[in-house]
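A single chain, nothing else alongside it, follows as structure tokens in the form predicted alone.
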């Protein structure tokens, strides 16, 4: 029988409306007791003095690249990056090779995650076979094999009829359809946000309308079908407005925002002199869109935060801006970037911050965790809110280094990550 006692910490658990000094006893991988003091001489002790003890953080939007693109990331290296970033669980997207569109690939990913033995790995299956947008993938088989959601992320579900059928069919398994909301005809060959900065830089733009049109279509289809829609990496004012309006009508729609879309604007492309680590899709937007998105987080319209961790090999990112792939890594920077921005600068209550990374994603995707209630899985993120560190990609556990936050000094970092009652990662003292 394994026993771990976390003592002297500040427990912040929004699922129980807790924010107080408590000790946490874990027995055989589950939370056994919370109290002001616990005497257990048989337990391993973890001293959490000065730390926040929160339900384990969950990233619902991660690209682990395996199978097929192991030179960018593997499930093992991605899991190591996850726990180093304070995440006890990740949901990984299906744009692998082969695509995760069958039960066999779903089971392979789950097996690799179990072998790594770090963060919990939850596969997201493809909506369409081969991500081609023509025929529904084997949603039922994948759901029975452990897929927790379905998405063609990396591509939108372009065909409205197919999207309707996916939303209908997924209801049989009580799972959401996650859409990369983009009209590819409007986006064209754009590489950054369409606006004054793109014009000045001479780069082709992606208009905000490319996202907004797709979000509008999807919420209408969710309303028609009663299916659960989750909008991935929301980045525009209009898209946020469509989600807010749909929620007001009782539509089963949720959404996420990423750290980079909240912390950076399209000016970062110019200020970095075309650094391809500022190239992602959706692109970094102009200040008015970023301000609206921040308001959406603060007023509760945005359900959760997500990294959209998208590792690429260095050789791919040193190409010209037009030719380099979209995407950045995010697992190891997401927590300090968002804590520094949302809690320190915008005064978001700490309990709300924990909800955005823990309770809410676990609720939206129907995952275990997101709480420290007795009997729940002992997945716990310990935060050092006073830690002030500089982002150093050379220290990343991810196989890739493509981040626009390199060199930034941020406050509020994960200190310890506990998965299933075992310490999966602990920050080195410097």
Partner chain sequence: MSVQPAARLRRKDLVGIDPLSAGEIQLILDTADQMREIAARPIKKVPALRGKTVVNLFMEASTRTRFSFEVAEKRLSADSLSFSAAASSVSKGETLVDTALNLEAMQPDFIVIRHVHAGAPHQLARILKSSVINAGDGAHEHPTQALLDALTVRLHRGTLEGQVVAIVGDLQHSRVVRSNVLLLSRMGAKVRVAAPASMVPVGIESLGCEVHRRIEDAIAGADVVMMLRIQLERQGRMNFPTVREYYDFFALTPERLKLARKDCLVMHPGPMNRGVEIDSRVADGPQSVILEQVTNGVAVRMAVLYLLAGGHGEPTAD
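Numbering follows the first chain given and starts at 1. Predicted model only: the values in this text are computed from it and were never measured.
What comes next is about the form predicted in complex with the partner chain, which is not displayed.
- Taking a 4.5 Å heavy atom cutoff to the partner chain in the predicted bound form, the contact residue among 200, 144, 346, 249 is 200.
- Among 322, 115, 134, 299, the residue placing a heavy atom within 4.5 Å of the partner chain in the predicted bound form is 322.
- Remark: residue 196 counts among the residues lining the partner chain in the predicted bound form, judged by a heavy atom distance of 4.5 Å or less.
- Using a 4.5 angstroms threshold between heavy atoms, residue 226 stays clear of the partner chain in the predicted bound form.
- Contact annotation for residue 169: none of its heavy atoms lies within 4.5 Å of the partner chain in the predicted bound form.
- In the predicted bound form, residue 276 approaches the partner chain with a heavy atom inside 4.5 Å.
- Contact with the partner chain in the predicted bound form, judged as any non-hydrogen atom within 4.5 angstroms, is confined among 188-196, 302-310, 81-89, 96-104 to 188-196.
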